[in-house]
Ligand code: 5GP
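In structure tokens, the next block holds one chain alone, the form predicted on its own.
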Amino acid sequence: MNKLIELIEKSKNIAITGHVSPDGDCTGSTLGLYNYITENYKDKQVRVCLEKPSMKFSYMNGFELISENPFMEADLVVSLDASDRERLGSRGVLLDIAKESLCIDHHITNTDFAKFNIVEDFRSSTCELLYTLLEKEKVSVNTAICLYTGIVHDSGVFKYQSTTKETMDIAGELIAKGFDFTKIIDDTYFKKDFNASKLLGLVLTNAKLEFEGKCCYGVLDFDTWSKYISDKKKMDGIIDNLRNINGVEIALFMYETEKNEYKVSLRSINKNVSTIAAALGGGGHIRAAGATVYGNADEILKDKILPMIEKELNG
């Protein structure tokens, strides 16, 4: 019996949480575990404590029950897809309140911040890792939909280098539970609404190349992007379009979340961007990482980020 199942069985009140600005892997893993526990352990009280994810994930069972408030009576808190306590935001308090804490994650920058930690940084996603910890015959179609979504998003629809034979085997086992897997990919990964598509076009129009075309970056201030969309989550995927430009080794996308505060996303083909993100106070994977930075955008780029990118490209 692994530590996850052991802790679930001896706990009555369970809080499930994940990182701020939850993406597909975070949403899929938290709701996947929620469905697994509620379906197989009827005596447990379970709550998903998370910032509200993008509505494009609302097809997952339990989505409407997600609460942004901590579950103060938890015996056990399970953190999924967060590399450190700070990434939990205000829900980090759960680590102090709950009797037991478990972190399940796949980020190379994970700090082992919970009492118990299951971290496998070679996994394509936290959803892939979570599946290996569950009893396969007890995984329902509702759980499978959540886990498949997370694997799809964090593997770049199975094209990132973290994708392995086991990733594909697990995806196949999940698909075998019976659901429209092509619709999940189309609706949550590729499709964008009209205004989000126009914003993408604006970023690409104003994007810049550096270091002989090996780096491409785009920047949006708050006033610009908020004219097109009200939900910042609709900017998901912009960074991948910058990386897909021919010749680019490292892509950078920055957008302002409030005055002089920027969300930074980094992607690479063969370079390590996790060290850059870590130096900025963030973290992530070798090929995909991010951070939040503060100050003037031009100064941040010129004095901090671009010099680190240049060093990595020449390393």
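Just count from 1 along the sequence shown to find any residue number. All values reported here derive from a predicted model rather than from experimental measurement.
Omitted here: the form predicted together with the ligand. The next part is about that form.
Q: Any chance Val248, Ile269 and Asn272 all have a heavy atom within 4.5 Å of the ligand in the predicted bound form?
A: Not a single listed residue reaches the ligand in the predicted bound form, so no.
Q: Exactly one stretch in 50-58, 37-45, 259-267, 66-74 has heavy atoms within 4.5 Å of the ligand in the predicted bound form; which is it?
A: That would be 259-267.
Q: Considering the ligand in the predicted bound form, which of Arg243, Arg123, Arg87, Arg91 comes within 4.5 Å of it through any heavy atom?
A: Selected option: Arg87.
Q: Of these, Thr143, Ser83, Ser79, Thr149, which has a heavy atom no more than 4.5 Å from the ligand in the predicted bound form?
A: Looking at the other structure, the residue within range turns out to be Ser83.
Q: Would you please decide whether Asn13 lies within 4.5 angstroms of the ligand in the predicted bound form, comparing each non-hydrogen atom pair?
A: Result no; Asn13 lies far from the ligand in the predicted bound form.
Q: Contact between Ala289 and the ligand in the predicted bound form at 4.5 Å, heavy atoms?
A: Because a heavy atom of Ala289 falls inside 4.5 Å of the ligand in the predicted bound form, the answer is yes.
Q: Evaluate His107 for contact with the ligand in the predicted bound form, applying a 4.5 angstroms cut-off between non-hydrogen atoms, and reply yes or no.
A: So His107 counts as contacting the ligand.
Q: Residue by residue through 224-243, which ones have a non-hydrogen atom no more than 4.5 angstroms from the ligand in the predicted bound form?
A: Heavy-atom contacts to the ligand in the predicted bound form: nothing from 224-243.
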